[in-house]
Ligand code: NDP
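Take a look at this single chain, the form predicted on its own, given in structure tokens.
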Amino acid sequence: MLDLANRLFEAPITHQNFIAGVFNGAADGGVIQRESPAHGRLVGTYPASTRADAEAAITAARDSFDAGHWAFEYGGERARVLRDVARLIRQNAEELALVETLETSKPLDAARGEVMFAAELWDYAAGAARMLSGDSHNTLGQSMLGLVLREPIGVVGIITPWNFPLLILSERLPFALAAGCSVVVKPSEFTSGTALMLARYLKQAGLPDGVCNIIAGTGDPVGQAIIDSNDVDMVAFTGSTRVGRATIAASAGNIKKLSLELGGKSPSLVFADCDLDAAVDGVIKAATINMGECCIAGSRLLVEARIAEAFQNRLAERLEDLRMGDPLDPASRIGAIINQAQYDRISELVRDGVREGADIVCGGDPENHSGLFYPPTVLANVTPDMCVAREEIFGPVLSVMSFKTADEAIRLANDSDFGLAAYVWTNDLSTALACSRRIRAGRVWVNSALQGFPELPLGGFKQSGNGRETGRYGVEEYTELKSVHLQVGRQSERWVEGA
């Protein structure tokens, strides 16, 4: 793997757009160069697509959908294509994982796991393509049969972020394709490599030209063109709540459907009766996975008061063993932050927390580390009104608060504009169920952290977004319902008398 990494450093991959089944650069020849955050070396070049490129991709998707070949294809044939893509992802897993590691700086083992889970999502969507169905009503009288048809919504724009490039795309794209939609994909301009590589597998698997188009570029003009277009029927956007609001406003132009997975400030609730060793490990995992650059990161620690001090001390001790360094090193669990702007934002929010009265238990000393490596940081004596308790930091920073009762813990957990995920650590079944039912979040993990399954839906409450991805719900998200009123036999009554 190191040999392959060195070859990529010496000869970075030049990626191309995929429009109407053809691979090309940007119309004006513009490019985006991507350096590895951990190594500071060029690792890939993407097209800097223009609005004209975006419009060409949208036109290709629109034409393919309106032609109806994929939209009304036998579900078994759609399943075959999706299964072949899953096979090709597995076949090329090492190269995909390496590109993700170099572009994002996530540890290589983590990237491998994400690539293999992405393949599972494509496999699951393949099965769902055969299962999608509508309904019938045989109780409308002798002369009327009612049919409910579930049809693909049309052209879907999928705009994905930089933190889990292939995984987040695979939580959406295969489900849209399973439903029969045509798609335009815009990956983040920081981590476009694996999305553009995926285009090759779609082509090899036999996906008809124009059904999926993948173009690299910045939010303006490419993302904006997708959101503005009257030929795009739905947009699935994953990113910040700020950009999500702008997407909602722009979608008013043609009342397009939106599926939004936005920001998070997820709580980890730790009760005194839990398995403390498991809870410490799980809290660290939820807070620091992917360098904390994770929308479902457990960045708020709510711990029962009688164990709060001991628990945060154990956290600090265990964090000393969490290796931060080169993501190509198998021992590393923490890589570099995605770019300088994000690194500076993390540093500023930690400084704001200290100014507001929080205490640093560990970490918070980036000046002792070179490059874009930010150390895992625990802030104690945090109050719910502080910025570190309310704003999404998107870095390996954990804010600690305490509670005395389960009701207080649930109230603190819900005291947020966000509602994407939550983590509960307790050995009391009643407590676990009460928290699971009363916390307003799209996903709740009990005595575990971040395990994912294609069968289960994901999505957010409140300002964390709307809509659901993955599972059977994820396929249904990309469909519309149509009622058919079918007259059986000759009508006995006429609207116009004597007819």
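Residue numbers run from 1 along the displayed sequence. Everything numeric in this text was worked out from a predicted model, so none of it was measured.
Although it is not shown, the form predicted in complex with this ligand is what the next lines describe.
Option touching this ligand, based on a heavy atom within 4.5 Å in the predicted bound form, out of 426, 163, 259, 229: Comparing distances to this ligand in the predicted bound form, the residue within 4.5 Å is 163.
Which of these residues, 114, 233, 103, 392, gets a heavy atom within 4.5 Å of this ligand in the predicted bound form? After the contact test, the surviving option is 392.
Can you tell me which of 312-320, 188-196, 92-100, 402-410 lies within 4.5 Å of this ligand in the predicted bound form, counting heavy atoms only? Only one stretch qualifies here: 188-196.
Every residue of 266, 290 and 363 near this ligand in the predicted bound form, heavy atom within 4.5 Å: Zero of three within 4.5 Å in the predicted bound form.
With heavy atoms only and a cut-off of 4.5 Å, decide whether residue 122 touches this ligand in the predicted bound form. No - in the predicted bound form, heavy atoms of residue 122 and this ligand never come within 4.5 Å of each other.
Looking in the predicted bound form, any heavy atom of residue 130 within 4.5 Å of this ligand? No, no contact at 4.5 Å.
If we define contact as a non-hydrogen atom of the residue within 4.5 angstroms of the partner, is residue 237 a contact of this ligand in the predicted bound form? Yes, residue 237 sits close enough to this ligand in the predicted bound form that at least one of its heavy atoms falls within 4.5 Å.
Might residue 342 be said to contact this ligand in the predicted bound form, defining contact as any heavy atom within 4.5 Å? Contact with this ligand, yes.
Going by this ligand in the predicted bound form, which residues of 280-298 come within 4.5 Å of it through any heavy atom? The stretch 280-298, when checked against this ligand in the predicted bound form, contributes only 295 at the 4.5 Å heavy-atom cut-off.
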